[in-house]
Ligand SMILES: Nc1ncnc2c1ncn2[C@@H]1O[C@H](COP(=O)(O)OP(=O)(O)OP(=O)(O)O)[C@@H](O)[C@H]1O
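Consider the single chain below, provided in C-alpha cells and representing the form predicted on its own.
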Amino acid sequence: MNDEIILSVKNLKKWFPLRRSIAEVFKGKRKWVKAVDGISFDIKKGEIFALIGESGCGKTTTGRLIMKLEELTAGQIIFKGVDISSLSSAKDIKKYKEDVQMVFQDPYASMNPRFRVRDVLYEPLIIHEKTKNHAEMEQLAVKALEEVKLTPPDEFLDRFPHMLSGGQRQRVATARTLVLSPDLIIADEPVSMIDLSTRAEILHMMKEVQERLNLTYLYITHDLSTARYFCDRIAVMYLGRIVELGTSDEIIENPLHPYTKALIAAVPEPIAGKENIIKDIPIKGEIPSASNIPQGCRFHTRCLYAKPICYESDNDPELEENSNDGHYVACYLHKEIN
C-alpha cells in the first residue's frame, strides 16, 4: 500500500423520495429517506478499506453509488483523479465499470442460473471486448479460476451455479471480477451468505489475491471480527453518516464513539469454563427511520451518554481528528466519555 489516493468520496448523498399523501401534495411537502447523508473518505491504492454498521446504515447504497448502479443526489466520487459522478458518455462509463468491479452479497442471486461457470466468466469479457477469440477468452477464465483456488479449472467450467457450494459460488463471483483486471473491487458482505467454517478460507483467498495483484478493496460488512484481521482501515457508519474512522487496530482497541463501543461489545467472546454469557450492550432502543432522522446527533436517541448539546444542536457533530493520530470521531462528548 502507498499514499496514492485511488478513490475519493466527498460529501456523498443519496436521498430517496417517499410517496406523498394527498394532503402533503397540496401543502407542497416532501419526505426523503436519507440513505447516505453526506459522507467523505479516501481509499489508498492497495488498501483494504471497510465500511461497517448495522443493516440500513447506508453501506450497500454507498457501494452501489460508487459502482454507478444508483445516481447520487449530491457530492462527488473521484476515481484516479476523474470525477466519475459527472461522466455522461456511455464509453467513459463502460471504461470506468471495467476498472471498478463488485462482488455481491448473494453469489447465487448475482449469477444467471442458466449460465455455466464458463458463461459467467465469459460475459464481462464479451461486454468489454477484452479478447479477440474464444481461445484467449478461455485462457483468461482458467487463469481467474486458478487465482481463486478453484482447481483444476476444467472441473468447474461446465458446472451450473446450483452445482456449486456457497464457498465455490463466491469464488466464482470473485473470479468474475478478476477477469477484467480491475483496480478497485467493492466486496459487499462477501462472506455473510457462507458457512462459518469457510468464511476465513474465503477471506484468506481474497487477501492473497489482493496482495498478489496489488488490488484495492472496499469491504462492506457488519462483522467487526472479520474486518479487524482483513482490513487496513475502518469507517463506522450510522444512519447514513460516518461516525468514526481510523486504522483497524485503533478502532477495535480504542473506540471513541459510543456506537462503535456498542458494536464491539456485541461481538461474542468465548470464555473458558463459562457458557451462555450474554453481555450488557451499551446501547438502547431501535435505530430510527432514515426518513425521520433525529435533530442534532442522530445517535442521541440510543446513546447512554447523551446530554442537551447532543439533541439541542442544529447539526450533526462533524468528524474531528483525535490527537493527530489519523483517528477521527463525530461525537460532541467523546473526550469526556473516554
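Each residue number is its position in the shown sequence, starting from 1. Just so we're clear, the structure is a prediction, and the values are computed from it rather than from any experiment.
A second form of this protein, the form predicted together with the named molecule, is not displayed here; the remarks below concern that form.
### Message
Give me the residue from 233, 199, 222, 261 that has a heavy atom within 4.5 Å of the named molecule in the predicted complex.
### Response
It is 222.
### Query
Exactly one of 67, 33, 283, 39 has a non-hydrogen atom within 4.5 Å of the named molecule in the predicted complex; which residue is it?
Comparing distances to the named molecule in the predicted complex, the residue within 4.5 Å is 33.
### Task
State yes or no: in the predicted complex, is some non-hydrogen atom of residue 48 no more than 4.5 angstroms from a non-hydrogen atom of the named molecule?
Residue-level check for residue 48: no, no contact with the named molecule.
#### Entry: Exercise: residue 293 in contact with the named molecule in the predicted complex, heavy atom 4.5 Å
Residue 293: no, not in contact with the named molecule in the predicted complex.
#### Entry: Stretch 55-88: residues contacting the named molecule in the predicted complex, 4.5 Å heavy atom cut-off
Contacts from 55-88: 55, 56, 57, 58, 59, 60, 61.
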